[in-house]
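Below you will find one chain, with nothing else, as C-alpha cells; this is the form predicted on its own, and questions on how it binds or moves follow later.
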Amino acid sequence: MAQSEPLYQRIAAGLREQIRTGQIKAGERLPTEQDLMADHGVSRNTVRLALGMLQNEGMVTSTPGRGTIVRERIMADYHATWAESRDRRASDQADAFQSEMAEQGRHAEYRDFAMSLEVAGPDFSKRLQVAEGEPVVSRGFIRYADNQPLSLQTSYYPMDIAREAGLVVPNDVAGGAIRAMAAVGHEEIGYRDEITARMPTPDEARKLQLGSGTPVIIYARTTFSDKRPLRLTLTTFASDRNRVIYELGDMRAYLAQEDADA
C-alpha cells in the first residue's frame, strides 16, 4: 500500500480487510477508538476519519453505548422478471414478496400501511395517463424480512380503477391489488421498469435504518392492460441488503444447474 496515502485511509483499509476475511465478523465490535489510537500512534480525529469512511461505505454502524459494529450483510433477492406474475398465482395468504422471502428462508411482513389520495403532478399524469390535478390513490407500506426493513413500496392507481377494484380502503386487500384489479376486468399484461439510484432522504434513511453514506435503489414499475396504464409502483430498496434480478431469454441451462445444486 502506498505510504503516501493518508493515515486514516490506511487504518480503514486494514479494518476493511479484517472484515472481508472474517477476522471481525458481522455483529462484532471493532476495536475501540482508544485501542486504535494506541495501535497506530494516531490522534482520535484520525481514527474517527477511518471509522467514518467505513460507515459511509455501509460496512459498519456506530451506536452510542455499543461502539462501532460490523453490519450484517444478508442480501434479499427480488426477481423482477416474474415476481408479480407469481403474485397472481399466489394464495390469499402469500403474495409475491412473502413467497420469495419464504423461499430464501426468511419471514416477510408489511408494516405501517397507509392509504391516501394525492394530486397527479406532471410525472404521475404522464405515467398513468390521467389529467394533471386529478386525484390518484396511493397505497404504501414498509417491507420487512426477519424484522429488518428491506424496502419502502408505494403504488399509485387512477381513481376510477381504484374504486372499481375496491382499493380506496385504509387496509390491505385479500389476495392483493393485482388480482383485485383483474377481477373487475383490469388485468396487467405489460410492464415498463426503470431503475435508478440516489442518496436517501432523511425520512427514507430513518425508515430503512440506513447507515450514513448508503444509497437507495429506486425501482419504478408502470403496468398496463391492453387499453391503459393501471398502476405505478415505486419501490425504494436499501442498496446494502437487496439484489434486483432479471432473467431474460432461455434459462434452461441455468435452471438445470440450480436443480443440480439444490
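Only a predicted model underlies this, so the values are computations on that prediction, with no experimental measurement involved. Heads up: residue numbers just count along the shown sequence, starting at 1. Heads up, when I say rigid core I mean the largest set of C-alphas that superpose within 1.5 Å between the two forms.
Omitted here: the form predicted together with the DNA. The next part is about that form.
In short, of 31-39, 200-208, 220-228, 233-241 it is 31-39 that has heavy atoms within 4.5 Å of the DNA in the predicted complex. When the DNA is considered in the predicted complex, Thr63 lines it closely, a heavy atom lying within 4.5 Å. Shown alone here, Gln9 lies within 4.5 Å of the DNA in the predicted complex, counting heavy atoms only. The DNA is not drawn, but in the predicted complex it has no heavy atom within 4.5 Å of Asn56. Although the partner is absent here, Gly213 sits far enough away that none of its heavy atoms falls within 4.5 Å of the DNA in the predicted complex. Contact with the DNA in the predicted complex holds for all three of Ser43, Thr46 and Thr68, each having a heavy atom within 4.5 Å. With the core held fixed, the Cα of Asn45 is displaced between the shown form and the other one by 2 Å or more. Relative to the superposed core, Ile11 shifts its CA atom by 2 Å or more between the shown form and the other one.
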